[in-house]
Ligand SMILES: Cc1cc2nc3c(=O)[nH]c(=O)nc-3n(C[C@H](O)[C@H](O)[C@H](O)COP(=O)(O)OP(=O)(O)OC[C@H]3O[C@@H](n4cnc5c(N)ncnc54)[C@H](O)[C@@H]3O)c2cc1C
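One chain follows as structure tokens, the form predicted alone.
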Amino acid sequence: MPKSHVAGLAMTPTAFFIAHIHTGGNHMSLPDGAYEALENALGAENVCDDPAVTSAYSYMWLLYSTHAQSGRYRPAAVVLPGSTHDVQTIIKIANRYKFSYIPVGTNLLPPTIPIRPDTIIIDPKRMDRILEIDTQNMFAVVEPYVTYAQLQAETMKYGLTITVAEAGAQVSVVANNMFQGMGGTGHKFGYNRGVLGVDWVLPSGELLQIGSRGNPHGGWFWGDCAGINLKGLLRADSGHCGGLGMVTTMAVKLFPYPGPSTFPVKGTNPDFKVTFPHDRFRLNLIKFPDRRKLIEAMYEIGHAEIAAAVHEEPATMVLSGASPSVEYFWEKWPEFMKQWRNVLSVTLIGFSSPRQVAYEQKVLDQIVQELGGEYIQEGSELWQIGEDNIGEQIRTGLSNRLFRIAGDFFVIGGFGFDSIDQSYKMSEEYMWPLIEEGQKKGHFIPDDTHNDWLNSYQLGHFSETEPLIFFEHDLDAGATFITSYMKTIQEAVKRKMCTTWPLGPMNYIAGPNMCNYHELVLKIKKELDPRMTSNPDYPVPPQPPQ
């Protein structure tokens, strides 16, 4: 069972809640009798309205502005279900007493923040079990609090793996698959193809089983047919963010893995190194004369159907991941920014044999030569800073280090999926100009590389780009960021390009320019959740923002 660290002590979630359970008086803004109904259903140790606990759920890491408002939208209570039946009961109690709820996973993104006071958080910390690993059919069945690190550690014992979310191996497998399903090895394993059978509790409290799970004795193995196929409604591009109930169990696709049964990491934090067998795993870091040549190489690699992971790696991400301290980063940054430009990271994995790696390396060598690329030599200073890439692409762990540079980080744009060429155009035409505006204000750190974290998916058939920015943890810089983020949506629709992820109310910017999809989504929301109880403003709020 995962543990919460409170006042320096390791405590299970239940023990933590016992230390902070309700002791009488008003239950925030929950209707009379609602808190007691939750206690009766789950046990008093699994329901909490102590401000010391609920305040933690009103904070979101991305913006200091949310921290400044902590407590303003503090949840009325936090509940810890232990099963699908518990989740159904919670939702039925919410409908009976007419209060709202937000289902969360590992609580990473903005939709987990309450927007009105009569809201509880459904936190699945107790639902952290891997229910099945089917080695023959290559899938695993997991509950919402199972993380990628947890699942991958178990599957590697059987020669299997999963494409791990690049938000970090600490995030929920279920949540990421509902969001976009991205992962470091998505070039080979695909994008958002991992969802198979699903148990989904609707806003009515009813249990809907989709995929092969929807047929009697159908099992978990199939997500696209042999049952009700509602994966598009479940996740679409970015998922419904808890606005259409809660997924309590999911089967996810596994893939072959030819490496050690234990993740081969050595060293101590933050200086971790991975040592995969070189005849089966090979990292290539390649500098190109310009981004156009780099992008052409990405296409050629896809056409040749080689490599497991293909990413343009920006200097800020690489150096922050390798920096043992903030001081080290800022000491190295001015010179490193000049040296690390237009670098493509290509990881080869010999799934069938070492001969596969040897063959793919020969093909890659030819592509690099034809396009004027140059390999960063193993053992060089640049190589030593960037060599963690191979481990990061298989099990991401550097995400938390990105905060150390300035206090906050995110992307201007990103999460918009199109061709590699279109990703480049979006970046150059409006994303980087917005970044430069923020730099002139002194809100974003200096970076003139114009290199993104540009990712190839499904052998280069489409991609996603993220221009990373780093900024102070304060209100002014946060305002510049969120304004710029919204502008990327406006600029995209002007150009008829794929938009940045239009989160919640931002759908009212994107929707009118994209067949009014937001109106259809809102109709579905009202049909399944007529009282707007399930994370009320998602996937689309009932009214456009003022």
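Everything quoted here is computed from the prediction, not taken from an experiment. All residue numbers refer to positions in the sequence shown, first residue = 1.
Although it is not shown, the form predicted in complex with the ligand is what the next lines describe.
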Quiz item: Quick one: of I120, V104, I349, V318, which gets a non-hydrogen atom within 4.5 angstroms of the ligand in the predicted complex?
Solution: V104
Exercise. Sort through G373, P314, G181, G190 and report the residue having a heavy atom within 4.5 Å of the ligand in the predicted complex.
Key: G181
Quiz item: Among 285-293, 236-244, 209-217, 472-480, which stretch has residues whose heavy atoms lie within 4.5 Å of the ligand in the predicted complex?
Solution: 236-244
Quiz item: Quick one: does L109 come within 4.5 Å of the ligand in the predicted complex, counting heavy atoms only?
Solution: yes
Exercise. Spell out, yes or no, whether the shortest heavy atom distance between A169 and the ligand in the predicted complex is within 4.5 Å.
Key: no
Quiz item: Does W453 make contact with the ligand in the predicted complex, using a 4.5 Å heavy atom cut-off?
Solution: yes
Practice problem: Give a yes or no for I412: in the predicted complex, does one of its heavy atoms lie within 4.5 Å of a heavy atom belonging to the ligand? | Solution: no
Quiz prompt | Heavy atom contacts to the ligand in the predicted complex at 4.5 Å, residues of 528-546 in sequence order | solution = N535
